[in-house]
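Listed next as structure tokens is one chain, alone, in the form predicted alone.
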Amino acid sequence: MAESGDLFRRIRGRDGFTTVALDLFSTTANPSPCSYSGSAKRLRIGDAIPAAVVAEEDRHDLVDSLSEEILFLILDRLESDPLDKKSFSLVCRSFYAAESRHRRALTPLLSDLLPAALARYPLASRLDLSLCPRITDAALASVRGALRSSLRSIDLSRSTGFSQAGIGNLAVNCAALVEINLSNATDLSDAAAAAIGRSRNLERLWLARCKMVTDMGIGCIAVGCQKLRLLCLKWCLGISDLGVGLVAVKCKRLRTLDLSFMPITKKCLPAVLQLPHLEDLALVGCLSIDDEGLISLKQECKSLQVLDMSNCQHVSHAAFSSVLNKAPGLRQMTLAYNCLVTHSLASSLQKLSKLRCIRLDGSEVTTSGLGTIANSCKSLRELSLSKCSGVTDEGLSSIVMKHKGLVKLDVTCCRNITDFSLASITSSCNSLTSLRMESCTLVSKEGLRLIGQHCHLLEELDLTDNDLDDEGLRAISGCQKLCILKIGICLKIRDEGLIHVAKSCSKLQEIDLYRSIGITDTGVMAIARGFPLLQTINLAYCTGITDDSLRSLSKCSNLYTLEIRGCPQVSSLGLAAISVGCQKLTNLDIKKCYHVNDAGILFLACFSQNLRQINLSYCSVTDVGLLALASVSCLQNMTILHLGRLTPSGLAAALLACGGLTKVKLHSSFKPLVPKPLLKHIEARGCVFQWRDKPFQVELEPSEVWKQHSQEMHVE
């Protein structure tokens, strides 16, 4: 007989002896117990032991005798869930010590926890502080002292409070540092950039939205950090052609360069294109780049594989064609929200034999242009035409019929395509793993059934706002590899259709049923039973669900995101069940759940210690409930509009007690009622207040909502 566990197996034989075995190499999630005969891939520990003698002390001696190498193999198997590692470390002292030496990545939620984390994990090499709203120079000094020789990566992309002195000391003293993310450090100056330039081994650097850095600062980085392979300067408005040119001259190892939304012109492009190893270039929203600059370019960039020139509004199809002709090795091209995609532009793709991904989102396309793409790009695997005007059955069908190897297709809001296109897609592209076709309103319910009948490899399917019915869902149940299913605003689906999907698609992790008003508790119960891996569910404005739905979902222990806004029959009883059963919950939206009060929030505060984001607007929560959330140390984002029973003093106390908040949305009527020194104190901790002046909204009946929706569609 075997006592089953994930890694340890204690097997009792008929002779009354016990053998303990470890299964470290099985690729299955729950490997079967090791047999007596064993194999080359089974590691057995301990000889036969009389079962009656295996007491508590003997078990401790057994686990304490495991080598560190074996313990590390076990920990490698637990990478996916941090709670598993925590449980592992609590087994005994040797397990605790092994977990301490094994962990390489730290992501503390509060800066106050940083000293303890650094003491606990002295060999950490990756430190993510993006969840800590305020990091001081003293905190960075403690990082430098604890991880001087091991630190290779630090992320400060959402942190404030440090100066050039703090970041400079870190850069100079941590010689192993190869990666720094300082995105959104809007106060970062040239002095700080000069300090970063002293980190000689730096290979990856993000400076997005560092608007105070100028050519002087980026010049210091270019001279000092010549090993850079990745550099992001997105929205660095103080850097001009001079600074970018200096980077291109000094940092010859660059492979990835993001210059999006910068005030650069054609002057720096020749030097950029001459980078010998450049593979990924982003020029999104560079409004000063025009046709003249691009057409005059003579340099080829044979190493370039990924190019994004979305939203370059002053560039025509002729200039784009000129650029594409100079990148023969291109594999991925994004020209979203740009010029008309004509036959001439599409013809330039014929030379790109390696092109696998084309994204033209928001652009105007022509049938002739799509036809030319169909005759080019023999290696095409991904195509995105989301929100493109001009997509017709003829143009789309010409592509899918000639590119049967497509694995990802996005035709979101292509409102002119019909069943003809879908028939071409499903008959030709049987290898599709992702199909997005939100708001393709001319496709009939009969046409949608073709998806489930032919595309059995789908992992992601978005049919939001379509004519889908239960028969369509019955067909989709044939897509047994589905992980993501979005069927919001599909007014014809009922519980019966969901039951079909729940019986077959056991791998589903995310389902969106936004405003699917025909769904009741029966359908949600089927979801909870059929999707054991469920992580995200959107039931917003599914007005037919009650607490019974939440009780059934409480069995989904992996649930991370729950949206139930506008579900008036849900109460604190249902929320209490979710709190107890779904303790991994991080995002919760209970806006306009009028019967959720302090009782439900108290359960949430007690059991949902991983909660990071919550929307309480229009609920019946008072000062007591809001203050209780202070016990949730992970909480960072709160939206609390129109809480009728909330007082200014209660709000002030809750804001003061919730020390980890980074963003709070409040009604502007509270602004003059909360003491200004208190607001400044909370802002100094790294919290941003967003004041809203929205009037109180009474929810319409579902029939009225869709009458209004239909009228808006008719006007369009």
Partner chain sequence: MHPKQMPTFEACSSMSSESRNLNQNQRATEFDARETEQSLPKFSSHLDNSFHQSNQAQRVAMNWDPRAVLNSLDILGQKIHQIQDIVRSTLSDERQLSIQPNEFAAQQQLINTDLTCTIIELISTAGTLLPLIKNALASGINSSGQIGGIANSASDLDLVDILRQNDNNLLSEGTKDSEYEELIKGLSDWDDEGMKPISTEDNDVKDNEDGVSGENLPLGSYEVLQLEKEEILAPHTHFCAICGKGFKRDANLRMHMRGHGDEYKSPSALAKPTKEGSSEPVPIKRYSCPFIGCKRNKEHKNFQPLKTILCVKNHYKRSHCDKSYTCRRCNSKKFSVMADLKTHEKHCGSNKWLCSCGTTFSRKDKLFGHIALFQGHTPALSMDEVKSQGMSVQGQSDEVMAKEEDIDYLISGNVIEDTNFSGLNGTDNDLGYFSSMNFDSFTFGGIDGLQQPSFDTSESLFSFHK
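Residue numbers count along the first chain shown, from 1. Predicted model only: the values in this text are computed from it and were never measured.
Omitted from view is the form predicted together with its partner chain, to which the following refers.
Although the partner is absent from this view, Leu491 stays clear of its partner chain in the model of the complex, with no non-hydrogen atom inside 4.5 angstroms. In the model of the complex, its partner chain sits within 4.5 Å of a heavy atom belonging to His681. Proximity of Arg134 to its partner chain in the model of the complex falls within the 4.5 Å heavy atom cutoff. With a 4.5 Å cutoff on heavy atoms, Gly369 does not count as touching its partner chain in the model of the complex; it lies far away. Look at 468 to 476, 214 to 222, 545 to 553, 343 to 351: in the model of the complex, residues with non-hydrogen atoms within 4.5 angstroms of its partner chain sit in 214 to 222. Residue in contact with its partner chain in the model of the complex (any heavy atom within 4.5 Å), chosen from Gln480, Thr186, Gln609, Asn430: Gln609. A heavy atom within 4.5 Å of its partner chain in the model of the complex is found for exactly one of Arg148, His314, Arg120, Arg645: Arg120. Contact annotation for 85 to 112: residues with any non-hydrogen atom within 4.5 angstroms of its partner chain in the model of the complex are Lys86, Ser89, Leu90, Tyr96, Leu106, Thr107, Pro108, Leu109, Asp112, listed in sequence order.
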